[in-house]
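This document opens with one chain alone, in structure tokens, the form predicted alone.
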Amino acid sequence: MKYNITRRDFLNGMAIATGTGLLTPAELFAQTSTGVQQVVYPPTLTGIRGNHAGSFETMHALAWGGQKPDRHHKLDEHYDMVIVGAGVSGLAAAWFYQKTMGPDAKILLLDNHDDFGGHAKRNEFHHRGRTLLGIGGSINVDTPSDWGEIAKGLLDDLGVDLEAMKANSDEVALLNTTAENLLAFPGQEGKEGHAGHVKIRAKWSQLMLGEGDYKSAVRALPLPAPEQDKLIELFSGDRDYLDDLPQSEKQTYIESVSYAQFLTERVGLAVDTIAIFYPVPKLMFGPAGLRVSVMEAFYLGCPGMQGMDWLSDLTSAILGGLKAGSKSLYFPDGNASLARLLVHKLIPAAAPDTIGFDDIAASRFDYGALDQKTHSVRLRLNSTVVGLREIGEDVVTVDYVRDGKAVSVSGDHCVLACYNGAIPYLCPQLPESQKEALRYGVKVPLVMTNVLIDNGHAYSKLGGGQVTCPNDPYVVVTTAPATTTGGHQPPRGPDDPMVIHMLGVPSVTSTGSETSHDLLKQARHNVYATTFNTYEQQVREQLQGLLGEHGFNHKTDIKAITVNRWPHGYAYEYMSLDDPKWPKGQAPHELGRAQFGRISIANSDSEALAYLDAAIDAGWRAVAEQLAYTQRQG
């Protein structure tokens, strides 16, 4: 490599370049374990994380080529419940089942990754005597005051103190609508061949809706004067861009026309200009953010509604929400701490010295204790399930591949807490209509990268907070949450090392005719095909462009890079331009999650909501289905 950087699992991270891996399916199934256990601590691994090499090849062989082992060695293991997937839904399902059935209930969780938590991924760094944490996937506890009884009850079970989380945190920069942030554009001459950035600091979320001195801010943007004039008019709210339409057609328009079309055809902005409005839609919907309707964009706080008097109530509500700020709460490693709390509850021996909520972020887990035969709950990592089926009416057999060995276990019940799209391949016996429903949603690909920096001086000179970069690979650059929740100690000042958090949206080439599904599939392939070398180059060039004028030198200041790439990321949420309005109970996620005897489905896909409480609620629903099944069987 060109740069001297610590990547303990660099070879593992570089195992894929096109999504096919280093081994053919035949080699994959034939390989045997060396019997030597490599001592690694998954949260500290750098390079490519998320869907890392070794986590997807077996499933791709099945899904793409119909290849899986001919025979599975049956282990002498039978469980009351087998759960496929150890993300938040799977872990929550395990807790709900144990809580209902008692501590002696035998539960096995299988996960294809080398760490638990699914998208709730923890990135951990150690530098100059400091421990620093980064968010590798699921980010926040989103507005817990709005959660239902089940999800709130889980937080209570885990001892999560929401008031303490509020008190422990400084103002979090990510998508903060009340704070100033930088809007940055590459193009200014930078150092050492890296393009610098023009940066304008303002409360952009509010300015775009006409609050504050938006004229001065717009005049500072590196845009032609005619484009600036149009932006000022748009932000002012002085014009209803749909005033030529009858009132009866206006609502139809905002629900059936893309926001991009509205901006170019009605407002008259150039295609290059409208990029400034898309960081938030892209963070919510990935590349499908290009397909948000006018109405969906308004709900996300994008401008244009101010001049529409018939939407005055909506405008007032959104402005009020922006001024009130986010009600989300943060652990220092995102929702990985919640996953850790669940594992600690289920398998106390994995963190015997941990108290719970007060020290969960600072705790070190013993991964060797996760899968012990003496424990009633076992969590088995690096285990890719390739099939499951009911045997008669009494048992479910689950086949999986681990360390190159094809084995099977059995259980009285099974919860599938994996991706919806994988389930038709695991359960080919499902009705065709259910399999079709499970395949409908396309998960939103995303890339979350954490960069360990030797010190925080350059970033502090930038002014801190969030940097929004509409035309860069990473659309948002910010810092890890500065919170002491869970016993974490964030950087004390600019002399300490820090973690820069970068959120990327995979680029796609659009002709304008693609649906959101098409764009997401294209982006998924691009994520798998992008090498660590490319991600690293993007990180270095973007940070050098942003921070170079403040003394930052990427060659010496960057100490580690962890790229959490999620080709199958957020759950698909329906979009008005591409998805019908189904009758209640007939939407694909509702049809797809139908119970199949002793098999139930629990994931955020099954709720069509990419939120933490949806994942938790799905875990309870699946367990409740199986408890009811047991009662019916007598």
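Keep in mind that what you see is a predicted model, and the values were worked out from it rather than measured. Residue numbers run from 1 along the displayed sequence.
Separately, the form predicted together with a small molecule exists; it is not shown, and the next lines address it.
**Q** If we define contact as a non-hydrogen atom of the residue within 4.5 angstroms of the partner, is Gly286 a contact of the small molecule in the predicted complex?
**A** Contact check for Gly286: no, nothing within 4.5 Å of the small molecule in the predicted complex.
**Q** Is Met59 close to the small molecule in the predicted complex, meaning a heavy atom pair under 4.5 Å apart or at it?
**A** Yes, Met59 lies within 4.5 Å of the small molecule in the predicted complex.
**Q** Is Val623 close enough to touch the small molecule in the predicted complex, meaning at least one heavy atom pair within 4.5 Å?
**A** No, no contact at 4.5 Å.
**Q** Is Asn112 part of the interface with the small molecule in the predicted complex - any heavy atom within 4.5 Å?
**A** Because a heavy atom of Asn112 falls inside 4.5 Å of the small molecule in the predicted complex, the answer is yes.
**Q** With the partner removed from view, which of 64-72, 40-48, 605-613, 576-584 is the stretch that lies within 4.5 Å of the small molecule in the predicted complex, judged by heavy atom distances?
**A** Of the options, only 605-613 has residues within 4.5 Å of the partner.
**Q** Is every one of Gly196, Thr468 and Leu546 in contact with the small molecule in the predicted complex, taking contact as a heavy atom within 4.5 Å?
**A** No residue of the spot touches the small molecule in the predicted complex.
**Q** Given that the small molecule is left out here, which of Gly411, Pro481, Gly85, Gly304 has a heavy atom within 4.5 Å of it in the predicted complex?
**A** The option sitting close enough to the partner is Gly85.
**Q** Only one of Ala361, Cys418, Ile347, Val476 has a non-hydrogen atom within 4.5 angstroms of the small molecule in the predicted complex; which is it?
**A** Result of the distance check: Cys418.
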